[in-house]
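Take a look at this one chain, the form predicted alone, written out in structure tokens.
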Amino acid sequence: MSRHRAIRNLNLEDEMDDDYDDDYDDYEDEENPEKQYTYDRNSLSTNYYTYLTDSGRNSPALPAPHPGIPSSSYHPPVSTPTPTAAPTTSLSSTIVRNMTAPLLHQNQKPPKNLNSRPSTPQTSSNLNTPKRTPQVKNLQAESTTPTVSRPSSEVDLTSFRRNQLQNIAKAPSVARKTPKPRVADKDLINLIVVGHVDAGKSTLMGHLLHDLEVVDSRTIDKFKHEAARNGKASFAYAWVLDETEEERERGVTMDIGRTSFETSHRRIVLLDAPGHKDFISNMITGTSQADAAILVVNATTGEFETGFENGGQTKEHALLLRSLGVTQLIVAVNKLDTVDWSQDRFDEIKNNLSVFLTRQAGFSKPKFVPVSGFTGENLIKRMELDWYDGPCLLELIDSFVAPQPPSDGPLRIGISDVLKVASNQLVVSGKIESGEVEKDDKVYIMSSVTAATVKECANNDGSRHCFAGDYILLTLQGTFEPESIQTGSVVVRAGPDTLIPSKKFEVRLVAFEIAMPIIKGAKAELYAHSLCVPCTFTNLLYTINKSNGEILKKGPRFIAKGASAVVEIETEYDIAIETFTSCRALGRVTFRAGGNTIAAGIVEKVITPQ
């Protein structure tokens, strides 16, 4: 027990009798002559909260107050003309105040008597350092200069973009060299293949490519072996265009398949569109790039009726083709070998489709051809049939008339796919709807208003100078923000004929066979070239006569099926489309709602913000 303190004879009263109580009483009775050292809870809580932020810690020290002004009432000058006090009733300020006030009580020691406590002046001098007080006061000044007088960032961005667009539109047009006409023996045709799911589109075109020796027999044999091993022996030719693993596993085309071949007089860029209803947006994207189309229907008993009448995609695809500007159409009646090449079945399908395509869809002279994609009959060679002596499928494709896009017009390149995005480089693909482009051109990407320089451009033939109608691969250099360039953007040049993005448009449309009429405030999805964006019908202006355009009724309450009208629409954000008269490809729009196409039309007016 020698190691422990002996407390048996300890007097507890003597132990408790010390000098702390007397000194403390004397200290409490003293009056503090300097008021500036007094702790004020209300004034310091907000300051300490501001001190916790970076702006408060890094703020420069301000001059000391004038000798005649008390320190507690001094406030240094601030940058704003009308500073306001920091909110003391906010939740964050109250929490920080309650947490930091005990710490300030503990660290800030009150001054002691100079005669009785020699060490007290040292503590007081530490509190009176010239760095602490001006810093706290400066923090209070900075806490009272928030963003009250500043406009919001959204207003600043909108104003900045508006001024930027005005400057781009006012920029003088750069004189272009006279484009040398392309020396080409064959005209270019962008051909899309559409139809209901399981109509045999991919198999039909894959067999055609094999017969034209675009795909060699070794590759087809490989596909046949792999497809048979997976239990899909009949899908071997479809794998020529269905290249992804998911498409081959599911047996359904999901995205646009793209390849090219040549006929006797045409260069064909083939676009294989998905037929499933879930991938209709990809079909619309491909159709917006097409000049002609092949509509494939299934001649198998019951399959044609499923695709044409019972909610299938045959009707919708035909309507979308015409509304997106495709006027040349071939109807390939596929799988006739399953019905022994029956003339009655062919005539039945032809009669039903002819009435719909000419009267409702608006095609003038669709051409019908019997084929079999699986056996390859009547594809590149005429088949000997008693009841059909017309051309084969390849001969009809060769008879398409190539359009003459305006290569001397303003530059418009619709971006259909973004392949690579970096901070200073962008690789995209798309179709030149108007104008021409070459290396080192200065361009802008709408609607993000992003400046860029063309570093490389090439079409299917490898040409470095690309013209309207070409589907090109474009490498751009500039400063690009993540996700600022998306599918549906448009590449333009500066000048008076540039494209100004907007979110309000006046559209002339035709309503399709819809279950519910279109009313004011109805929501829909707007499709234009490669763009898909939600929109609202904000105003129904008037209904018109389809034949002569005469106004029938102003301010209708609704638009019924089959009616034609002029409406105002508004999208959720600015998009890059323009009037039909300025650019046909960018002026066609389609509206979908509830999984169905409800209307299609053209843009008549772009309502730009003032």
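Heads up: residue numbers just count along the shown sequence, starting at 1. Everything numeric in this text was worked out from a predicted model, so none of it was measured.
Here the subject shifts to the form predicted in complex with a small molecule, a form of this protein not shown in this document.
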With the cut-off set at 4.5 Å between non-hydrogen atoms, does Val197 touch the small molecule in the model of the complex? yes
The small molecule contact at Tyr471 in the model of the complex, heavy atom, 4.5 Å: no
So, Pro366 and the small molecule: in the model of the complex, are they within 4.5 Å at any heavy atom pair? no
Distance check, Ala238 to the small molecule in the model of the complex, heavy atom within 4.5 Å: yes
Partner contact check in the model of the complex: of 251 to 259, 410 to 418, 490 to 498, 440 to 448, the stretch with a heavy atom within 4.5 Å of the small molecule is 251 to 259
Have a look at Phe374, Phe223, Phe480, Phe308 for me and say which one sits with a heavy atom within 4.5 Å of the small molecule in the model of the complex. Phe374
Within 4.5 Å, heavy atoms only, which of Asn163, Ser234, Asn424, Thr327 is in contact with the small molecule in the model of the complex? Ser234
